[in-house]
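Same chain, two versions here, written out as structure tokens and called structure 1 and structure 2.
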Structure 1
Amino acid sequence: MTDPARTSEVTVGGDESSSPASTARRRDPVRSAAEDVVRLEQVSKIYPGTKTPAVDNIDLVIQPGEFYSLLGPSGSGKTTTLRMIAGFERPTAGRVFLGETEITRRPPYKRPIHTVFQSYALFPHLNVRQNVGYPLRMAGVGKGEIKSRVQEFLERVAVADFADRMPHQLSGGQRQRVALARALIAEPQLVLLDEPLGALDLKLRQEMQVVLQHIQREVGITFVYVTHDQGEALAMSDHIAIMADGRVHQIGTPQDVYSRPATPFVARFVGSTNLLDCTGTGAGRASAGSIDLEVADVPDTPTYSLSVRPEAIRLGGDADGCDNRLEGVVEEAIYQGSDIQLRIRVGEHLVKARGDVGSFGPGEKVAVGWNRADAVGIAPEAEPAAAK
């Protein structure tokens, strides 16, 4: 049994002792299968009439009580993956386990898994109270108990005041909360959330992020969260699986995937970064086109991409003590409020960096520097297969 959370680290530069990234929230990566909530084994999905698989041979292990995100651009297969866990789609190949039980072919209504749909999918003919109580009604729970449980969950998501309203009389944020209460009330082993915040405005979205995290810890139910918003995934998750083109590129904690991206795609997709195509030129040395660099954490391959985050780049006088110090010319300076975003021409490269407001302007010459520990080399052919 491979544990993706761990092997992903191995792929990234082979530095197993790594990751001060493992924070208090991080769970022991070596766990027995018996403790998994959900396990996907070599799961693929090819929709009828299509040739390229929507999901291509993925393995996932989701542990009890964690907040697990599937992150990727649209068309990456993350929603299809979620729908296979929910039971709305059947995998073309592979197996899905819930605990020790295989549920690959079990219909959705027989799975102790509930979903918060992207468009909420509240029942239009039932009021808020009846919507939230519906899963209990289907489970054959007595009327008295339904009533008290519904009240409890309505209060938990703060919609008790709207209990008698119909769904169309609610705002987007309120619908969202009702959908969440409905997914939680029957105490499922797993709650799936399909871009639940996608339809909300920015302020409400940030508020709901906090609500979601808070409730998830409170009830202790495992959440699987699908999103294309890397900020959201980084902020909320215990583990993130980053997907593209139906394949898993990397699985790890938010710190892992940000600071040690396994593929160039991950480096670009999570946060903003500079990717320099490098050729190794001996121990700790590399050349990226016309510039020579000192590197530390790089793969054994003759060529690789070097990822340097904009915030790791020091400018002007700050660049003086750095392992790598280069000369550049500012091409673009975009005011961002708290700082400015710079694009600096260094040889044939255009380097993204951040500077203090008013520090550098277009056309100015500037020293650019970073320490080798702040840069990560990514094997160019680091195909998802290797990341598994």
Structure 2
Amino acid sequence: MTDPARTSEVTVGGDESSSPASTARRRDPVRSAAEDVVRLEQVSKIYPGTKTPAVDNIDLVIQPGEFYSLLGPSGSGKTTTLRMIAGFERPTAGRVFLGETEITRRPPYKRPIHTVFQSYALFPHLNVRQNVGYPLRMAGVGKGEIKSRVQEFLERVAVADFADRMPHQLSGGQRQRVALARALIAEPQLVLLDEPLGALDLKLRQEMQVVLQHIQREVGITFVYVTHDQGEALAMSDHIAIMADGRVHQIGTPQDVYSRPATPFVARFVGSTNLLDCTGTGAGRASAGSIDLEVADVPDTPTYSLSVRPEAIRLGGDADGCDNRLEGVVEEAIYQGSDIQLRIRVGEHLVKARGDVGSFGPGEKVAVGWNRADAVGIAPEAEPAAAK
């Protein structure tokens, strides 16, 4: 098994023809953008002793300078995918490219890639300044440049005041910032982040989301970010690949995957939704059990799922004039501070909606409505989307 701490000192190299010192220098601004694109072609991974692929024939294209997230539940294949990009795992089938160069069989230390782990992987016997400067020292950079570069990156991640502290003297958020500075200082072509905020509490995670996004935009290095947290992915990403059971279900911008989910899994996993099983009954009409609905932009299939986000649901008098207006009874009203989450029985369906605090309570009858344009029809057996 590869030691994460060890990889932090060796993943600063570039092509075999590049010297360690030269690859540790700043990136050439006139470098061709194609050199930085990550591409996975029909990549699969089956671990020894298993039959089910951990990653099943996926295609990905990651553009230079992107903040790209791999989002999915545990066991979806996202970390395995990241490890194949890093070189810690070798694909069973398929090819991995960095720019136009195939790196499928290239070892991790010969890839211009750095990985930030959830465990931080800081050297416990080195202080903050020494940890951050370690990749440059291993690359043979001069002491004077190391000192100035370390100071620059400590200031970028706001830990300059803790430069002489040891890792055990830092908070979790501070250690994560140090790990990020160490990953960035040699300015690799790609930084991989494997659930980097998972060990932090909610407040620190939210703070670090802002830090990560700001630094990534500032340095312009491509980030590939693994997470199971939909909020993190939606907040930070340029593009998101939604994964489940080793397959990519959808690739798109945060707005795309939230407002236009390609599969029922994506609709359920990204945010909250009402997913109604529908049967087409005529032009622009469908039935969801006992409910008759007006629909638009639905698949050309006899049956499909209709996804309606809770924020699209109109209640009470606001439901008047909606394309679909139904009657329901509130079963639950869950206080959430700024609003309440409602669960409303409409026929055989339990519809989720949001309301103002104190507006509706359990047992109350309420009108429920939404417009056709606010509902997305999804083919029930839709194949995972191809990479764009």
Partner chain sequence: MGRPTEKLRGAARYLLALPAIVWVGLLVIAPNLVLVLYSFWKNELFGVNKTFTLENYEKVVQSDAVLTLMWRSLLIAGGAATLATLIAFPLAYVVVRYFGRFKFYAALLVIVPLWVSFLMRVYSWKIILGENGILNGFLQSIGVISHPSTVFLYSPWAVAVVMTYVGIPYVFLSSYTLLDRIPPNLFEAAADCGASPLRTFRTVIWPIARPAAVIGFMLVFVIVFGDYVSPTLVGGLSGTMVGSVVLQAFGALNNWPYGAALALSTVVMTLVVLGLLSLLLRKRIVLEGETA
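FYI, numbering is relative to structure 1, first residue = 1. Quick caveat, the model's predicted, so the values are computed rather than measured. So that the term is clear: the rigid core is the largest set of C-alpha atoms that superpose within 1.5 Å between two forms.
Working note: structure 2 is the copy from the form predicted alone; the remaining copy is not. Relative to the superposed core, residue 126 undergoes a C-alpha shift of no less than 2 Å between structures 1 and 2.
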